[in-house]
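The chain that follows stands alone, in the form predicted alone, written as structure tokens.
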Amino acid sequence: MIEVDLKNKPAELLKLNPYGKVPVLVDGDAVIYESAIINEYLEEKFLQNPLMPKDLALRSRARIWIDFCNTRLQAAGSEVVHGPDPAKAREQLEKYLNVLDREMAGRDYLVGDYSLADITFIPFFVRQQRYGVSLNHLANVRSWMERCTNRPAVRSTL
């Protein structure tokens, strides 16, 4: 693993990933970037540890939640920190978190068992304070976040 200062992006990063974003996974000759794509690559490479449902409908649902996290929740979080109207972004973030709270009612994980859908939300949970977000009023999301972040494989990375 190589740490990168994103305010001073090295040429090596830009050569590997034209978006200039992290993470980037180099696996032999393969260069993969974008977190969701890296996760799917690893899912398909390490078949002995499946993290996507076998059922096609549940698999699609997992992808929907992965997209929700990346294109809505994380995007709103980024706007809170870097955007021109943090207050409006916080309102959006709150709206998305309420959607999640309703979805998680009566569930342990998003699509049955722990999956890539749940894993995708972990970076947001870890950065929630950075976005000025409290989950105290969102009991379902808070419980889900605790289940996810208290898993031994996750806990060891925090």
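Residue numbers here begin at 1 and follow the sequence given. Source: prediction; values computed, not measured.
Below, we refer to the form predicted in complex with a small molecule, which is not included among the displayed structures.
Using a 4.5 Å cutoff between non-hydrogen atoms, residue 142 does not count as a contact of the small molecule in the predicted bound form. Residue contact check for residue 10: none of its heavy atoms lie within 4.5 Å of the small molecule in the predicted bound form. Interface residue remark: residue 115 is not counted as part of the site for the small molecule in the predicted bound form, having no heavy atom within 4.5 Å. Taking the partner from elsewhere, residue 137 is found to have every heavy atom lying beyond 4.5 Å of the small molecule in the predicted bound form.
Of the residues 34, 43, 91, 55, just one reaches the small molecule in the predicted bound form with a heavy atom at 4.5 Å or closer; this is 34. Only one of 102 to 110, 22 to 30, 43 to 51, 56 to 64 lies within 4.5 Å of the small molecule in the predicted bound form by heavy atoms, and it is 22 to 30.
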